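For reference, the chain that follows is the form predicted on its own, supplied as structure tokens.
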Amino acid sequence: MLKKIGLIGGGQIGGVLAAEIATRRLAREVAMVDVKGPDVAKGKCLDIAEGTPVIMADVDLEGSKAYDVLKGSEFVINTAGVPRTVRPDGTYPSREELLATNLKITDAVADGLKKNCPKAFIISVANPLDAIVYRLYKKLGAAKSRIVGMAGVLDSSRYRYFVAKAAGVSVENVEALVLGGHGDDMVPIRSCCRIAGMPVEEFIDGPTLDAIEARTRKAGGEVVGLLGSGSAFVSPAWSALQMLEAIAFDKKKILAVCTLLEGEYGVEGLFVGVPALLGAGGVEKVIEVKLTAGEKAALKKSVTSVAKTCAEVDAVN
């Protein structure tokens, strides 16, 4: 059990994270900060705390509008940002359209982290994912192994779920991997998709797989469209906690994460979704996957999109 986990953002994802941390008994203390409006963080923490006797969990939860509540946190999960909301015409803003607003929020988050828990492992979930984690890294000056974005775990989980349903098998039988940016150019890697160790093509035909991969790229928007406001919240929270547990318990687990590349996959200085080994040192090793020619081209396109957004980030002081 960890001593303390900090959560930034008291929205839907933050609420699920706090409840799950208590249920799983991952930390003795949970701290949540949300600077907006009423005392959302305090209210959510109180609600969960009052239920801990029911689940027999001795976990202390504290919410606040001030970042100093995070002091002493060993891990911090950042969910702070404005969510996507469906417009009157039925469309919704892309993750990139939220960039300007969410960068201001991210800069405030970075200041709070610097002052209160500069040595914490940071897992960032806020969108646009690749740009926000890049900005946090630049502002914090943290070791690259200690700051990582949650995207690939969720995207790969969605791919796995769709494949399992199409094949009529347990989700436990499916291995899948999604690389690249956390947006419409993400790359489901069919050559790495296995069902009980066998190639996915032995179970699902090509056109069906094409449709599954297209749905995977748009999966976040599909949820937003159905909800009407906000975004997915349970699956992102579970995905972030899988990453946290891999590091906290030194699992040496290979997961798809958004991490800084320094030459791997021919990419320099960008945070991109790739498989990496997570353990006590954080991101301990980037795993380079053998890709088909088509997958390489798709990944290059995705990285180009990430680079464009990060250039916009660098242009904002």
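These numbers were taken from a predicted model, which means no experiment stands behind them. All residue numbers are counted from 1 along the displayed sequence.
Only in words, not in the display: the form predicted in complex with a small molecule, which the text now covers.
> For the three residues L177, C258 and V283, which mark the spot I'm curious about, does each lie within 4.5 Å of the small molecule in the model of the complex through at least one heavy atom?
No: no residue has a heavy atom within 4.5 Å of the partner.
> Thinking of the small molecule in the model of the complex, which stretch from 201 to 209, 119 to 127, 140 to 148, 161 to 169 has heavy atoms inside 4.5 Å of it?
Stretch 119 to 127 is the one.
> Would you check, heavy atoms only and a 4.5 Å threshold, whether V133 touches the small molecule in the model of the complex?
Residue-level check for V133: no, no contact with the small molecule.
> Spell out, yes or no, whether the shortest heavy atom distance between I5 and the small molecule in the model of the complex is within 4.5 Å.
No, I5 is distant from the partner.
> Report yes if any heavy atom of Y67 sits within 4.5 Å of a heavy atom of the small molecule in the model of the complex; otherwise report no.
Yes, Y67 is a contact residue.
> Looking in the model of the complex, any heavy atom of V82 within 4.5 Å of the small molecule?
Answer yes; at least one heavy atom of V82 falls within 4.5 Å of the small molecule in the model of the complex.
> Just give me the single entry in C45, V33, L278, V272 that has a non-hydrogen atom within 4.5 angstroms of the small molecule in the model of the complex.
Partner contact (heavy atom, 4.5 Å) among the options: V33.
> Using heavy atoms only and a 4.5 Å cut-off, determine which of I105, C193, A219, A246 is in contact with the small molecule in the model of the complex.
Contact residue from the list: I105.
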